[in-house]
Ligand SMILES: Nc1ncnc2c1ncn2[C@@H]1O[C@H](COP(=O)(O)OP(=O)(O)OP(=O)(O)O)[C@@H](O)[C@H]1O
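A single chain comes next, written as structure tokens; it is the form predicted on its own.
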Amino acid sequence: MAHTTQALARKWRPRHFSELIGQQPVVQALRNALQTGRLHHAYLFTGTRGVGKTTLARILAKCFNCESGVTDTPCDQCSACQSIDQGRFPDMLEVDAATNTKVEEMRELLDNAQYLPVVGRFKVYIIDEVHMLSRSAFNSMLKTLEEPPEHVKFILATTDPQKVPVTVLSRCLQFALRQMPPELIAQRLQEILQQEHIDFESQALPLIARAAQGSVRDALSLLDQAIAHGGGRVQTAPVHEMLGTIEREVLLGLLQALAQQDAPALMRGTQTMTLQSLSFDRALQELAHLFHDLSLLQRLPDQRQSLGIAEDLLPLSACWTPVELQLLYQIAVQSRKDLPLAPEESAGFRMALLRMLAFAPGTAPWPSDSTVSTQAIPPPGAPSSRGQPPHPRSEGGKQPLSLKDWPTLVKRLEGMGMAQELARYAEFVTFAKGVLQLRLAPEQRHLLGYQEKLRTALEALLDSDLRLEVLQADQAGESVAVREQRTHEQRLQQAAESLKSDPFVRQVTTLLGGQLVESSIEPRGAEDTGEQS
């Protein structure tokens, strides 16, 4: 039976202070204030996207309005707590300042502040991205902040506190939420997968955690996509393909070739990456991470495990001096910045590797017992476990690609990581006068940061320039991903019905008293008829 599941980012959104990870200083300060009754009328939460600003605001709203009294541990049983969790509490108003910037809207909002709460103890105004308000709207808010009614609490959130006027900042208690380290995010993902009873490979979780760039919300959204890519499991190879990251063996092979001054091996590695449509931008990012870890390993060898540095880097730590590692790190970082200016990405990546050879030649001998080998970089044309979609320009005789056939074009983006993910989850709107318009549902907004990668990938496929505009929709549209999910659920239902009507299955269940576990049914590939394999 077709069914929908709640997105992990919503299902596992913290509802108590104790469930917030990595924000202990802020949580403790708020708890102390609540326990002692020292409540302020305005709070400002700052931090990058996805670190928990609005989540913390909702928890605080429950603390203010729980029917058991002002508390740092809301009961979650009363109507106020449950209504706030469900986003329908009449005395809590959430406003997105990015779309409500006008002074008239702010005045209307603040005019209602003078009236007493309908059911709660306090009226709570949560204003997200407050820095987007106009100057007039800020001035209107300032009047209320200067002389706030006793029954009103303001909770402001922003990713850019520098744009909030000092006059507003001075009237708020400010709390800075920090980005989550990848190790903490990976640990949280593991806990969630275990409680969801979803199989996973532990090597895949750090990849997702690092790609989330400090955002727990983005990590959970990526985890949802990883589960879909892995057919209900979280596996390393599909996650590599989804993110456009490079398998660690390939990166270690590049480092070994660099240490041995083996330019041909480096060039073979670049050519293999081109054939596999791997991201050169991501490769430079990962190389910078490895040089960073090697530098730490040299200076703090006894703290390798506590720093989360893998054991496979130990043989490489003696191949460069500390000064050389600093230079290699800078080359990787700067080359990544220069990549858009290169004639093509592969050329920019080759030049980065050659620059590393020129400025920091490896001198230490490679340990003979090392498990890392230049075989990690297969020669051009060698078979690979990863998919190798051929570049459309090399396919003679085929019809040229067209934006009119969006599903086919999305499929041809295979191996291009998050660029394809954005294309899969975005609904095609129109293409006219060189402008491609797509529409993206709110729960997929973490993909907005990959617009430029998608535009570049499409230009390469179509061999023409285009402009890309991604509009934000109110709800999920008819994207390729939605169609794929619907088709999969239909085939799953067909497989279940086919099994239920199978004479042998019916005989077994009747004679032995067995029961068909529908969650274990997997339909065959798209080329089959939909029967269970």
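Because the structure is a prediction, the values reported are computed rather than measured. Residue numbers here begin at 1 and follow the sequence given.
Same protein, other form: the form predicted in complex with the named molecule, not shown, and the subject of what follows.
Heavy atoms within 4.5 Å of the named molecule in the predicted complex map, among the stretches 465 to 473, 483 to 491, 61 to 69, 44 to 52, onto 44 to 52 alone. Remark: residue 188 counts among the residues lining the named molecule in the predicted complex, judged by a heavy atom distance of 4.5 Å or less. Using a 4.5 Å cutoff between non-hydrogen atoms, residue 286 does not count as a contact of the named molecule in the predicted complex.
Among heavy atoms of residue 217, some come within 4.5 Å of the named molecule in the predicted complex. By the criterion of a heavy atom within 4.5 Å, residue 180 is counted among the residues contacting the named molecule in the predicted complex. When the named molecule is considered in the predicted complex, only one residue from 451, 73, 159, 346 comes within 4.5 Å through any heavy atom, namely 159.
This chain is drawn without the named molecule; in the predicted complex, the residue among 421, 247, 129, 241 with a heavy atom within 4.5 Å of it is 129. Along 442 to 462, a non-hydrogen atom within 4.5 Å of the named molecule in the predicted complex is carried by no residue at all.
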